[in-house]
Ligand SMILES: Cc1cc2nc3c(=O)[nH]c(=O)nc-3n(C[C@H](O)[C@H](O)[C@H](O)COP(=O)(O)OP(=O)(O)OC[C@H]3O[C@@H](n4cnc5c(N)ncnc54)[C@H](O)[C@@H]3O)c2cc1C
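Just one chain is shown here, as structure tokens, and it is the form predicted alone.
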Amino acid sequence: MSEQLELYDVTIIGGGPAGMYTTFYSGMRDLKTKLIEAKNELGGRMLIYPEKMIWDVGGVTPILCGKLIEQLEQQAKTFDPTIVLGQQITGLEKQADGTFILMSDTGERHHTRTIILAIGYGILTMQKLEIEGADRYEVTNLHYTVQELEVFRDKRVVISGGGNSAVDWANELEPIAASVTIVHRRDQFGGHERNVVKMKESSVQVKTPYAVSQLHSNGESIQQVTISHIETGETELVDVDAVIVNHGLKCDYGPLAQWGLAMEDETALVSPKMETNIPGIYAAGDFVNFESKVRLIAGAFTDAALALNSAKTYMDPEAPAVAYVSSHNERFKEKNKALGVES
């Protein structure tokens, strides 16, 4: 069967920032590359927050998440990789010659010499608000993500949660909403320190340690919420036009969890070179865990380069350990000419 399939040097599973940058960097190293994404579009977890401002990518001024996805996708396509959308990889078979066959949920099979897992937290689902009947308001004014900021203009908004996204949404909505109240079960927020300080210095009403305990509606949409103090049980009634819930994400790796990868706390254990415990399989991005892991988009890019370099030298031990920088990389000569730039 494997003889009938086109053999790729590298197959990257996952089309988020780590997967897209790995695809680009694989082209820099002149490898035959395939990227497979379970969704019908690239972007990974970033698709949840298209209007979120991203500030912490080196050399990139503040940029909307949706725009950053566009630029990463354009960069990923630089060296014309094969990109497969709408296929979730479910099976793995190692061949006698050391190559791999990957099977997808659609029945497709993919032949590759190495694999790089950039699957983030797998298939993600939102942690729902655990109040009976809450789901009926999802079609009106109960939200689990912010797709368009303008939806909340001049609205009284309550945000339930205390992670990065909850803090970021509070800061983004504060200038345009009539009011923003953030409700969190703990006194400490999980967002980046500067963003937490910014939120607390603004007009955002911070309620800790509280939780949303009841929803009050007119039958169609939420009109008020009751928030309860975690320690004393004291309650407050808050008027609302919209409720945003950010209680985190549930991760599901599906059949991949049965591949025999060494895992801890739902992440893959890797070496400093992004090697998993299975020779020929590497990992990058949110899926990996190691001592000096940096959980930023910029950190995912570094993981990607390390994983790809390991795959390259696995296939060719005599290859340089890293790619030549773009200013000296032969693969950019023709592309520079097309831009009217001399290499």
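The numbering used is simple: start at 1 and walk along the sequence shown. Superpose the two forms; the largest set of C-alphas matching within 1.5 Å is the rigid core. Computed from a predicted model, the values in this text were never measured in an experiment.
Keep in mind that the form predicted together with this ligand is not shown, yet the notes after this line are about it.
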Inset, instruction - Could you confirm whether Ile123 comes within 4.5 Å of this ligand in the predicted bound form, counting heavy atoms only? - result: yes
Inset, instruction - Answer with yes or no whether Gln205 is in contact with this ligand in the predicted bound form, where contact means some heavy atom within 4.5 Å. - result: no
Inset, instruction - Give a yes or no for Arg45: in the predicted bound form, does one of its heavy atoms lie within 4.5 Å of a heavy atom belonging to this ligand? - result: yes
Legend entry - this ligand contact in the predicted bound form: Ile54, any heavy atom under 4.5 Å: yes
Legend entry - Which of 311-319, 45-53, 271-279, 24-32 sits within 4.5 Å of this ligand in the predicted bound form, heavy atom basis: 45-53
Inset, instruction - With this ligand left out of view, choose which of Ser160, Asn141, Asn171, Gln87 has a non-hydrogen atom within 4.5 angstroms of it in the predicted bound form. - result: Gln87
Inset, instruction - Sequence order please: the residues of 9-32 with a heavy atom within 4.5 Å of this ligand in the predicted bound form. - result: Ile13, Gly14, Gly15, Gly16, Pro17, Ala18, Gly19
Inset, instruction - Examine Asn246 after superposing the rigid core and state whether its CA is displaced by 2 Å or more between the shown form and the other one. - result: yes
Legend entry - His192: Cα shift of 2 Å or greater between the shown form and the other one (core-aligned): yes
Inset, instruction - Tell me, please, whether between the shown form and the other one the C-alpha of Gln75 is shifted by 2 Å or more, with the rigid core used for superposition. - result: no
